[in-house]
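Next comes just one chain, in structure tokens: the form predicted alone.
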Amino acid sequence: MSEYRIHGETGAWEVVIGLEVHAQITSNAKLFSGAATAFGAEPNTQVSLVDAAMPGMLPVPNVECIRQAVRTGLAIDAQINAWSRFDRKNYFYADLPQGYQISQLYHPLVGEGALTIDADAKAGIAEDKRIGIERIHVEQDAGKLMHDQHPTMSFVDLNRSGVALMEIVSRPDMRSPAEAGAYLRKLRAILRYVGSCDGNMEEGSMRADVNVSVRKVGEELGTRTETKNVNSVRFVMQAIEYEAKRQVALIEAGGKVDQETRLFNPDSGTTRTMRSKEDAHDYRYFPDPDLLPLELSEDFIAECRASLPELPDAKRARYIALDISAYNAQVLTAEVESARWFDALLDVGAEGKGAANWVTSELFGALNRLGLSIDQSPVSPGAAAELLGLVADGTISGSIAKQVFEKMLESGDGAAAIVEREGLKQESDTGAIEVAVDAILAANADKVAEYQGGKAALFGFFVGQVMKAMQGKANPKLVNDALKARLG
């Protein structure tokens, strides 16, 4: 495992990290009402009478939200609780019309599970590590306070009020910012594969509360702080780094860490006190009297299980079985869109290893240069398979394929049509290649002597000269064979 330490004046300190991730459930309607959930709507245009807490309005659970939470639990090998219950979490804030939040404390929908973060030597994660997940409970989101609309007043937007959230609570199993970042990325990938959350942290549909404490190695857990609503992987890692160093400096100066809620400032990369940390009894939790317990049938859970797609770890193992490198398999499965595109490429007959090498280098490089996502690729999986097929059957060389690909990006034309139109077919006439080889060797007799005298690196020079003479169209293997035969 990684050995991340904060080094203070009194020695090395270990960081203990747990994350509470709030993921907005993919659903067209809210958790207990039929109001819409689309991002970016005008303020207070997606609010039902239930969301606004009008008298006499009763909540009705959205079955799709429950289904998506169950599917998420199954995707992390978690216990699905066939009996669960909603509780009221009581607190008073302007963006909470009811004066309480409907959540689950005592009997959550999903129990213990886990996910595995992958080894990453560059990030300091020496080996795969299993991170425990304590629970997933379903709850409703609050509204949004807007303080920048008027110099003396704040406004409330209730569009988010009642939106369904999964709170995914990890065990305090992470020991470095890198591990926390890897956990978040892996969790986000699973949510996107399952389709239960879009994972768009910049839109607020996935955000993390970051729990951090420090201790000397082997000692009891220290007092933790919770930094609320951090909305990017990079910011989570920065918050951990800052908070761990702050706590170590505080303790070594003779102070003590207060259990409190903090806020992260992305501009300065620092955290600041928001309020003292409440315990469960401060919220006066009790069972919601307006909602019956959730009772799930075995058939419902089985249907949820059957609906799961191939998940990242299984997909990566399948790719590796196709002789794709572990690194490429990891890159291809990191985002569900990339995996789907690559699977479509395999489905139309592309060979696994070569296709993976091309996608992770040529295609991803071009998309990055153009500022496009893979879903926006000008070249479809079918068109890419045609290009790769021309290389495989010897019609064009790898270097010519790069030129053809650029023309495909520019024009949208197919590879075969471009090769035919531009006269780019690979020259495989051994007679023509041998003539070119003889001409190059005759023109470079001094270098031939040096090569035969032991300067083996000149072989690449001869290959390059022959390819240049034949405008890059010569079959590289035949060029190599002809040179070896002539040079001995």
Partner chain sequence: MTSLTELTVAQIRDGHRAGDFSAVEVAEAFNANVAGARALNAFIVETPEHALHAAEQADADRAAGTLKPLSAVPIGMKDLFATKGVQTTAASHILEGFVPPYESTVSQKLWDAGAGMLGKLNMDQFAMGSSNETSYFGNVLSPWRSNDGSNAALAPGGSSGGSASAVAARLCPAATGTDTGGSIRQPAAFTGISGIKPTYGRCSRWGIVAFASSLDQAGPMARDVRDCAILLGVMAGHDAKDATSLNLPVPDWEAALQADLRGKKVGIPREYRLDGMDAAIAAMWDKGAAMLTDAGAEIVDITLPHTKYALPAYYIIAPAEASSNLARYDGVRYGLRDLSDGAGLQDMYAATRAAGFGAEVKRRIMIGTYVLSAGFYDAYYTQAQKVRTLIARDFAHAFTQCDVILAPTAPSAAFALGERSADPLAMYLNDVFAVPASLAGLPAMSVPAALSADGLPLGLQIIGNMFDEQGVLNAGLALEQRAGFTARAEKWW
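Residue numbers count along the first chain shown, from 1. Since the structure is predicted, the reported quantities are computational estimates derived from the model, not experimental observations.
The following text describes the form predicted in complex with the partner chain, which does not appear among the structures shown.
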TL;DR on 349-357, 414-422, 283-291, 397-405: the one with heavy atoms within 4.5 Å of the partner chain in the predicted complex is 283-291
Residue within 4.5 Å of the partner chain in the predicted complex by heavy atom, from Gln98, Thr270, Ser213, Thr116, is Gln98
Picking from Val163, Leu363, Leu158, Leu390, the single residue whose non-hydrogen atoms come within 4.5 angstroms of the partner chain in the predicted complex is Leu158
Proximity of Ala94 to the partner chain in the predicted complex, heavy atoms at 4.5 Å
yes
Interface membership of Gly56, the partner chain in the predicted complex, 4.5 Å heavy atom rule | yes
I'd like to check something about Ala52: if you look in the predicted complex, is any of its heavy atoms closer than or equal to 4.5 Å to a heavy atom of the partner chain? yes
_Touches the partner chain in the predicted complex: Asn90 (any heavy atom, 4.5 Å)_ = yes
